[in-house]
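Two forms, one chain: they're shown below as structure tokens, one block per form, named structure 1 and structure 2.
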Structure 1
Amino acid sequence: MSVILKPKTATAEEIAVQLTEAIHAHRLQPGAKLREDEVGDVFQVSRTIVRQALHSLQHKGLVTILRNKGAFVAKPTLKEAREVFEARSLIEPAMARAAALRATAQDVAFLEAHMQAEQDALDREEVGEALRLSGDFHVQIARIADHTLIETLLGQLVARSALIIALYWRRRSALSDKASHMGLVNAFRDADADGAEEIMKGHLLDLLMQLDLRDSPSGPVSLKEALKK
């Protein structure tokens, strides 16, 4: 928790955003406890506001709140992880198709700048920021498709994906989606709906393949936790 920025007073929304970024950047690990007054001290607000932020993050699936226990950064199970990517596979190809039919020159330029920003972050070795931008790329596609509901939804799924990547990413392979993203941008430029849809399908499959979502238990668990119940 001590790695959070902005020690000045903030709104619940701002706190939620900052916590989300910290989770995205893996500065807050899955399972980390978020004590209310600790967070409140950092942001200089009362627990009331912190509570709002934490509940909001719970609704988005980033935080788990246990009654009388507290709030923790969510630890998606294997099943939840698979479900997130299944849901994305149902939604995103259709968004890519719609975006291809609607994308303007500005949209294409925006996505290109977005990819450049991601590359810059990688060059600076800011892996967390690059991951965040990479996820946001997908949300931007829903925005271009002008589908507000799914844009919101996808924002939540992408945020959860960041947690999943933190837990299940096979470190041995590089998480590179540059080629797919480039392909999508090109398809948008050409208004190639079929192409965009296919690339997105393949891209999500690629992502899945780079995760270790086989039956292995959910990773290192403390003995104490493992023996509980």
Structure 2
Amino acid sequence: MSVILKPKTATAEEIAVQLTEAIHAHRLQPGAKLREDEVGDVFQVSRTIVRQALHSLQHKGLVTILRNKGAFVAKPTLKEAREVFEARSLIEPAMARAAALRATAQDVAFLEAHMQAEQDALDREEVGEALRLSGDFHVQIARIADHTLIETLLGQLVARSALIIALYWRRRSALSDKASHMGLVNAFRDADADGAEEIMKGHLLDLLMQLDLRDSPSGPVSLKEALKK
């Protein structure tokens, strides 16, 4: 008796990952509507699974869901963009200082491997993945500093920052700052708390300066094209 295997359908998590990649890579522009039926057709899943994926992205700050209007790719305002980076500038230098005093050799090796993965993603032109890894590098610093509450808060700020960078970056260098990340890793290796704090301050300021805080053009691509289906 033969067994008929059903084709594997996408999970809500997998859909969320692909939508995130499309948003970060500029293929889905901020403000773009994400119609449940269209997303369901692209991934061949029910609206229930689509809603789970969209609510997951809403929790991360990447999607805005409006009652009776639907889901849209979040569109941070210029004011919000500045506020997000202001909040990060208040939090992260202290996290870098604390991490420098706590980092182990294993932590340093982990961050070095993380940086290499980020560079590999850039080399493959996977902009969304590179942005995700670059942001997660900062979250990992909070983990090394052993500040669980701030690690959670920073994760939300970093997710929002990735969307802001995807919307407002004007130079490719805004996607990754290998020199600053390497400087931080070296400071952690040397337990240089003062150096780590100053590098983080400069890194966040440089990142903000590389953003073009003006309105972005609308994107003409369809959801299917954005997801490269």
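Residue positions are counted from 1 along structure 1's sequence. The structure displayed is predicted, hence computed values, not measured ones. For clarity, a rigid core is taken as the largest C-alpha set superposing within 1.5 Å between two forms.
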* Among the two displayed forms of the chain, which is the form predicted together with a further copy of the same chain? -> 1
* To do: Could you check how many degrees the smaller rigid part rotates against the larger between structure 1 and structure 2?
  => 17
* With the core fitted, just quote the Cα shift at H24 between structure 1 and structure 2, in angstrom to one decimal. => 4.0
